[in-house]
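Shown next as structure tokens: one chain only, the form predicted on its own.
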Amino acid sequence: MFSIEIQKLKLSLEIVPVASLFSHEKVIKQSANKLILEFKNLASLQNPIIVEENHVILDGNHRAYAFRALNFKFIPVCKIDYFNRRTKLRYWFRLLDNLENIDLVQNTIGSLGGTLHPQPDLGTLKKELEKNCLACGIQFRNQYTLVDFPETEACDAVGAYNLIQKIQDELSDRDVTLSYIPCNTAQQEKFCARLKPDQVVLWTPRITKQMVVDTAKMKMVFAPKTTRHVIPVRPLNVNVPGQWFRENLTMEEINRRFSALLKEKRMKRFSPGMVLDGRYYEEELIVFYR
């Protein structure tokens, strides 16, 4: 195990059996299949996946899926304290585009048993969603609506997100286009002001960290693009040789190699807000290099 401690937060870098991991949400098949093709001749795995202490995957679900599909025995991980206040659980909202009118969304929700509760403003909607973690919301222009479902339709968090999936699937069949946006983006004034007349934001249920862990350990999974984790510090560029995952190694031997590999490298810290390889990172970065 290779450990890094930054501001009383410990990051543990190690290699674990792929079979020991718990996924908490489904993959997007198109993205997963693309990774499987990419990893068939894997030269090196650039970044570890992020897991909590019980091996529940927080970031890297598609990479883990590809490793399972290719029968790789081990995978590099970075273990973090999930319940540390600096580890943030956020959500992916759905941006619905090309809508003829709001009635299409409301009628679809009604057909699935949902009840609409108009809210006076954005702040009130946020408070109501915090009270009921199985409810969702609709943002249309300057109108905000709370949506809840009977327990027969959404008795738990997985069921609530399954209903979100049904809503977006039914709307997609009606030529409505779908994209995923970070929850904090939807709450920005500039974003709200730029919403077009044919766009609606579907606010997803605000589940908790404990729900994520409990669901994964029960081997249940949420719909794709349920959670969005922002961790305090993210390690990058460990670059583990791909041949290690194809060799018949013990866990002790592969971790000995991994630790030695990291000790040979230098580390550089970057403040939050860094763009690296075309991706924007909200968190602080620890980048390994030779």
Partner chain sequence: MPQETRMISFSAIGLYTPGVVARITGKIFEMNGNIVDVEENCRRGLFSIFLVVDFTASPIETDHIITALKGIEKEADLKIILAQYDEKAVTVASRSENHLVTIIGVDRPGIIAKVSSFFHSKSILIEKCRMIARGRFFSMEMVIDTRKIALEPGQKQTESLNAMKKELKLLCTDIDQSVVIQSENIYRRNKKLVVFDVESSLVQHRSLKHFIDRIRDRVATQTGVPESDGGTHNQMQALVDNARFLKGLSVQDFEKLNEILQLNPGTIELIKILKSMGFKIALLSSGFNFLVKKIFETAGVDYAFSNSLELDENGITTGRIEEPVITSDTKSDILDFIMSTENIKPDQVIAVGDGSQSSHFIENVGLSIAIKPETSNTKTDGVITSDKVLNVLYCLGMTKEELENYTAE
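Residue numbers count along the first chain shown, from 1. Everything numeric here is computed off the predicted structure, so don't read it as measured data.
Although not depicted, the form predicted in complex with its partner chain is the subject of the following passage.
Taken together, the three residues Val27, Ala32 and Arg68 lack any non-hydrogen atom within 4.5 angstroms of its partner chain in the predicted bound form. Using a 4.5 angstroms limit between non-hydrogen atoms, Leu9 is distant from its partner chain in the predicted bound form. Of the heavy atoms in Lys190, some are within 4.5 Å of its partner chain in the predicted bound form. In the predicted bound form, its partner chain lies within 4.5 Å of some heavy atom of Val275. Contact annotation: Asn61 falls outside 4.5 Å of its partner chain in the predicted bound form, judged by heavy atom distances. With its partner chain left out of view, the stretch that reaches within 4.5 Å of it through heavy atoms in the predicted bound form is, among 71 to 79, 116 to 124, 182 to 190, 148 to 156, 182 to 190. Residue Lys88 is the only one in 88 to 109 with at least one heavy atom within 4.5 Å of its partner chain in the predicted bound form.
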